[in-house]
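One chain is shown next in structure tokens, namely the form predicted on its own.
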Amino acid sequence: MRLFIAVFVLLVAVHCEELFNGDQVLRIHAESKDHIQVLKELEKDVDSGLDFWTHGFSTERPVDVRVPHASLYAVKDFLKENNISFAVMINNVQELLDRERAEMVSNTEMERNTKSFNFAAYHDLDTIYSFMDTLVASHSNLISKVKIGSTYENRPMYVLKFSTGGENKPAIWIDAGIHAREWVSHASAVWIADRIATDFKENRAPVPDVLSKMDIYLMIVANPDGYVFSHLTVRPFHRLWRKSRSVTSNPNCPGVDLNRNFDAEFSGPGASDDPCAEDYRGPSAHSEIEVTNIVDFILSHGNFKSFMTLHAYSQLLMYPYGYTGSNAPDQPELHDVATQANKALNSWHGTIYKVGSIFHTIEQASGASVDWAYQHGIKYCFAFELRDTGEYGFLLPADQIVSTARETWFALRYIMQYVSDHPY
């Protein structure tokens, strides 16, 4: 297998400065332990050019992999030779990128002409930060913008605080975009921020009741440097960038997976020690300034009762643990809350989510934010993987943003109501 990998690495090297034209996303189904071992070895070879969009090898779940056009025939032949079944999920990645880019250009022109903000569109960091300022100005009695620190590249990290007043009230934390390429999470958080403000202003349940008891902190962009980088170009290491942008021990492989950098069984299984890997954990727990900023803010506040994080894609609603298959002490209650929240989500558009612990639902993952929050006494911790299930993957069309955000909001507001009704 090593010889095979070495051959197609040369092909990828020739292709690496081109666009994604002809790249495909394959859904690969492991049916045995031998299949799983083959796929694990492929993933570990970070020079292979394969971009694993989903992780966690299992006979129960497929894995999605973007394969460069130059390597397609070799990879498909290799899978066939090993009797590993696969299907083409995305036939040409570049076509989706071209459509996404065209939509963004068109939307920018429309917003400029109408002086409005289109929630059914993807936006860059500056536009999102400008939206936040406008929202705060329009709802100054409810919302404030809190700077919790700066990133590795010295960009500000902001949290929107929704509060009706009072000192150190119990609080709910929601963040999005810790993985840069998961654009629908940022876009959904933008819509949700506006919806919280609107529902409070219009006295629409349950927001006024929740905010009478608790504050809500919403971080729309948890990885600003990575998000900016993902907007620079459509080349492979930009739009589909996942990590932060800090310098690592390998100068050719910057960035850390921020959701493997938390001090929650750090360096355990489910995170890589290779700086070139997508799930590189970093040199030490909280080595990344972005993670340190979030951790310090939450600990200094000291009264968060719920921690929720928005990711994409796979349509999952999960709770601790990620690092172990053992049940969390509050597993029965967390599972029940997640199940009811999932029913609320499903009621909007019929979208089907899977509920369970991170470990059993998606993959083993050490150093994850949700596990860290739970281990620090925040009981109601949940991680969402938003739309879709692989038809578009990270390149979800903008016309699905609002529906995605709205159904997610139905789940979030159920959880927030539950948390406010069950103080501890």
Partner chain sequence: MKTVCWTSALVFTLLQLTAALPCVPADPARTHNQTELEMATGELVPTHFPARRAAKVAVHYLNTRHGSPFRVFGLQQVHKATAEDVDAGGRKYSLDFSATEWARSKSVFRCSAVVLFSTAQKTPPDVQLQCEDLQQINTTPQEEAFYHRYSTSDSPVSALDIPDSHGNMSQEMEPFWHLAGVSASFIMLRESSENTEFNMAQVASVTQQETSEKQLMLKYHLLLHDFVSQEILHWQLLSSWSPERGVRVLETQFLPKCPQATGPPSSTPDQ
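Predicted model only: the values in this text are computed from it and were never measured. Residue numbers count along the first chain shown, from 1.
Another form, the form predicted in complex with the partner chain, is not on view; read the next lines as being about it.
Quiz prompt | Partner contact for residue 391 in the predicted bound form: the partner chain, 4.5 angstroms, heavy atom | solution = Contact check for residue 391: yes, within 4.5 Å of the partner chain in the predicted bound form.
Quiz item: Could you tell me if residue 271 has a non-hydrogen atom within 4.5 Å of the partner chain in the predicted bound form?
Solution: Looking in the predicted bound form, residue contacts with the partner chain include residue 271, since a heavy atom lies within 4.5 Å.
Quiz item: With the cut-off set at 4.5 Å between non-hydrogen atoms, does residue 54 touch the partner chain in the predicted bound form?
Solution: Result no; residue 54 lies far from the partner chain in the predicted bound form.
Quiz item: Taking the shortest heavy atom distance, is residue 314 within 4.5 Å of the partner chain in the predicted bound form?
Solution: Residue 314: contacts the partner chain in the predicted bound form.
Exercise. Heavy atoms, 4.5 Å, the partner chain in the predicted bound form: which of 301-309, 238-246, 69-77, 169-177 makes the cut? Say which one.
Key: So the stretch in question is 238-246.
Practice problem: Please pick, from 276, 105, 205, 146, the one residue with any non-hydrogen atom lying within 4.5 angstroms of the partner chain in the predicted bound form. | Solution: So the residue touching the partner chain in the predicted bound form, by this definition, is 276.
Practice problem: Could you tell me which one of 354, 155, 161, 195 places a heavy atom within 4.5 Å of the partner chain in the predicted bound form? | Solution: The residue from 354, 155, 161, 195 that makes the contact is 354.
Quiz item: Out of 122-161, which residues reach within 4.5 Å of the partner chain in the predicted bound form, heavy atoms considered?
Solution: Contacting residue: only 122.
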